[in-house]
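Encoded as structure tokens, the following chain is the form predicted on its own, with no partner shown.
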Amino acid sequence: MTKKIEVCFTPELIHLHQLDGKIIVVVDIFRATTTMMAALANGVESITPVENLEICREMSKSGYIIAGERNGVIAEGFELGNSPLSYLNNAYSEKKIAMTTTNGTVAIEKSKKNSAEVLIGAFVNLRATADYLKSKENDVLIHCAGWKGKFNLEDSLYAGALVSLLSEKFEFDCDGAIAMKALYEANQSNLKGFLSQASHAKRLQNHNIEDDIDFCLTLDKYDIIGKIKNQVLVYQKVESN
């Protein structure tokens, strides 16, 4: 039986999708899932995604480094915000991170119920994620974090990129997958230029974090996947096809 792939454009729509037995790929390109992959690739032991700022803040008392972001800026009282660059050069190697963000950690929480696996999607490990999904027998749902419940361009374009890489092995289970594949393939040679129009890119530009945007749009920097195991995010090496 041919495997199927579909796209959910925002956590507000996830209730319309069946998660049972599927691998859910959660994506928040600007910046949560990119930051998570950068952290794991630079030696972080684990990341615990947390929806609530207060719960996350309390975890500092249990030995966690706490990372908190709301509306694109670091939350008060947190050591880290949501920049992937903070973790480069093994800056937090072997540390346990507790992280809460505006959109990404919400989407992760809403992806857990009855799903077979929850993965973290980002352009920085796009091909590794695609290779892993090709090796599995499960249907796939790409869950875009969006922006405060609404559609956003960058997560949806990532969905199109992943669908494009998987199109020979999977059937499309929704029109969204077809549309985003076409959009990505029409713009893949100028991703940054196209996504500079995105509303969240403009929000981040207002915070003077162009370097973060460039990093988030880097393709295939890492050959690992991020996977939720026992409520925490850890990495797994992937053999390329």
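The numbering used is simple: start at 1 and walk along the sequence shown. None of the values given here were measured: they were computed from a predicted structure.
A second form of this protein, the form predicted together with another copy of the chain, is not displayed here; the remarks below concern that form.
In the model of the complex, every residue of the candidate spot (10, 148 and 153) has a heavy atom lying within 4.5 Å of another copy of the chain. For residue 173, a non-hydrogen atom is located within 4.5 Å of another copy of the chain in the model of the complex, even though that partner is not displayed.
Proximity of residue 44 to another copy of the chain in the model of the complex: non-hydrogen atoms within 4.5 Å are absent; the residue sits far from the partner.
Using a 4.5 Å cutoff between non-hydrogen atoms, residue 198 counts as a contact of another copy of the chain in the model of the complex. At least one heavy atom of residue 15 is located within 4.5 Å of another copy of the chain in the model of the complex. Here the chain stands alone, but in the model of the complex its contact with another copy of the chain, taken as any heavy atom within 4.5 Å, falls in 181-189 among 52-60, 32-40, 209-217, 181-189.
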